[in-house]
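This document starts with one chain, in the form predicted alone, laid out as structure tokens.
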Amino acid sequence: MEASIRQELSNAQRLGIMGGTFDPIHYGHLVAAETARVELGLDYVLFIPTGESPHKNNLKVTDAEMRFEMVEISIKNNKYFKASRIEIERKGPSYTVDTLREIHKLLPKQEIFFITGTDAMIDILSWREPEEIFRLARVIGASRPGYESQKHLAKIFSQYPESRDRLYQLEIPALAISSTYIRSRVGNNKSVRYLLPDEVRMYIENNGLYR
């Protein structure tokens, strides 16, 4: 983790970690992070773009540096949001458990809240070392209104009873937006204005992404 970011976060007590491919980052991600920050009393939210995703081997993913730049552009006006290259600079697949271990080692005093989409969270049983993830962080599943996940959560609670006090859902209206939807609209020459920050929209246009 960059020394400057580590120094800024060293005094935080409750730290949110927003992981994802961010291809591209959009208002759903930003609203989820801000909602979690306010409702859970987080001091900061650290955005960590995936380096090499172990779950998207068959999908074309935009260059990590470009995805990181889009994250930085999006969060520059929020003093509580920070971005880290921790997964981009680590070689090999980006496993959540490895990232949490590294952050825990660098910032041992902070209580960690890992924020992800509920649709990703319900697949946590297929992630590497889910029991260790629950030990290292509280997991926050951000979901769109009406998203039905109780059956999946019950399966997680059954297999990992300790997760009952470590796993939460947070309803986010803006999560009806998705990166897949944005890429599709760009590819079909349709407007994505108001789905993501204007600076990110212009970055996509200027770099010919998703065409």
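Residue numbers here begin at 1 and follow the sequence given. Source: prediction; values computed, not measured.
Here the subject shifts to the form predicted in complex with a small molecule, a form of this protein not shown in this document.
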Residue 152 within 4.5 Å of the small molecule in the predicted complex, heavy atoms: no
Residue 95, heavy atom within 4.5 angstroms of the small molecule in the predicted complex: yes
Heavy atom of residue 197 within 4.5 Å of the small molecule in the predicted complex: no
Proximity of residue 161 to the small molecule in the predicted complex, heavy atoms at 4.5 Å: no
Contact check for 26, 29 and 87 against the small molecule in the predicted complex, heavy atom at 4.5 Å: yes
Partner-contacting position among 36, 167, 64, 175 - heavy atom within 4.5 Å of the small molecule in the predicted complex: 175
